[in-house]
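Here you get one chain, nothing else, as structure tokens; it is the form predicted alone.
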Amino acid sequence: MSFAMIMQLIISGIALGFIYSMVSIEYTLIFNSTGLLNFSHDKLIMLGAYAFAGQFVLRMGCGYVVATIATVLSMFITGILIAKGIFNPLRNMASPIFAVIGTVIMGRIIKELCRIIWGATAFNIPGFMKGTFKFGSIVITRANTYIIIVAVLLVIALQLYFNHTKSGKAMHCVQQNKTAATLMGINVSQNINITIGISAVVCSIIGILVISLFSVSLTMTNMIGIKGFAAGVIGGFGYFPGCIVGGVLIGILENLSTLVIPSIYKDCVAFVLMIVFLLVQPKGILGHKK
């Protein structure tokens, strides 16, 4: 195995790891604001992919930039509607299981709506993020390059928003103590609406990026969603840097594992790591920091 091949595996692993990291960040956004887990996020990612590719690009003939803006805006509105319909009404129920079941059912509804609107047959956008960059003997696909760049920019944008804007700081307050936030005059329900809207935007960006890796289909995000959860457990659930570390670690180890085991088994790496960390280091690599 040449050095160039190993480097290509590592770089593609980093790109895929950033996808897992962004999924984990979406988990974290909702968990920190509501104390609940969104088990339909993989379907929201799928919905973003279908909206971008199936509706705005292929049906309406929009350019990539216009289609991206339209997808992000429509998914933000969808996220707010989900917050109003599921998370806010159910977050104060006697048991969080009600909200969990609500998100599972919502995911099923989204999947069937996609089947009805765009059909069950998988499809692609011809030429979307195709091509390669060559650095000496190392060849990097355009898709992996764009994924890494967009993921880094997204993480920076989220950190700037949460640390340097009034609404972002309000979200930190809601995360720490909802009762105290309410007493300080923060509208917790509205804050949660915005947070879920942002998480839906993250899902739409992930959906657009993974189109270059998978066909747009009803099952395209099943494994991504589970591995995103594993990334949070491994890196430190509820903590942005932990999400990034966990996701990138899974992506790299998955790809490198193909050097010693058949590639068909590489999906097991994330789950083996998650079990090991749950047994040995439940707080993850970085732990949960307030």
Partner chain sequence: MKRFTSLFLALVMAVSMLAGCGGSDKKKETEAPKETAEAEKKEEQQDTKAETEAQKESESAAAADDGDTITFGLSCAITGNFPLAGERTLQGVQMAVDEINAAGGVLGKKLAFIYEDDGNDPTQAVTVVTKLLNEDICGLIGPHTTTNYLAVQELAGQAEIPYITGGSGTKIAAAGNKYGFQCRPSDGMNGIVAADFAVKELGAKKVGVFFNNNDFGVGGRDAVTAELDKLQVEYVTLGHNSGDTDMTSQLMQFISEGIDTMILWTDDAEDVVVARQAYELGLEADVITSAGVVMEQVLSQMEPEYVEGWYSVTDFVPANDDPVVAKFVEDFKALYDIEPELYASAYYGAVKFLAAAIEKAGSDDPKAIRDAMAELKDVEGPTGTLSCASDNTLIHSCVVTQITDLKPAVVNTVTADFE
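Positions refer to the first chain, counted from 1. Think of the rigid core as the biggest set of C-alphas that the two forms share within 1.5 Å after superposition. In this text the structure is predicted, and so the values were computed from the model without any measurement.
Quick note: we don't show the form predicted together with its partner chain, though the next part is all about it.
Trainee: Could you tell me which one of 123, 146, 76, 162 places a heavy atom within 4.5 Å of its partner chain in the model of the complex?
Mentor: None of the other options qualify; the answer is 123.
Trainee: Could you tell me which one of 36, 70, 58, 253 places a heavy atom within 4.5 Å of its partner chain in the model of the complex?
Mentor: Looking at 36, 70, 58, 253 one by one, just 58 meets the 4.5 Å heavy-atom criterion.
Trainee: So if I measure heavy atom distances to its partner chain in the model of the complex, which of the stretches 178-186, 135-143, 152-160, 199-207 falls within 4.5 Å?
Mentor: Going by heavy atoms within 4.5 Å, the stretch is 135-143.
Trainee: In the model of the complex, does residue 264 have a heavy atom within 4.5 Å of its partner chain?
Mentor: Judged by the heavy-atom cut-off of 4.5 Å, residue 264 is in contact with its partner chain in the model of the complex.
Trainee: Does its partner chain come within 4.5 Å of any heavy atom of residue 16 in the model of the complex?
Mentor: Taking the distances in the model of the complex, the answer for residue 16 is yes, it comes within 4.5 Å of its partner chain.
Trainee: Is there a heavy atom of residue 258 no more than 4.5 Å from a heavy atom of its partner chain in the model of the complex?
Mentor: Answer yes; at least one heavy atom of residue 258 falls within 4.5 Å of its partner chain in the model of the complex.
Trainee: Using heavy atoms and a 4.5 Å limit, would one call residue 212 a contact residue for its partner chain in the model of the complex?
Mentor: Residue-level check for residue 212: yes, a contact with its partner chain.
Trainee: Where, within 30-55, is there a heavy atom within 4.5 Å of its partner chain in the model of the complex? Residue list please.
Mentor: Heavy-atom contacts within 4.5 Å come from 54 alone.
Trainee: With a threshold of 2 Å on the C-alpha, tell me if residue 64 counts as moved between this form and the one not shown once the core is superposed.
Mentor: No; that C-alpha moves by less than 2 Å between this form and the one not shown.
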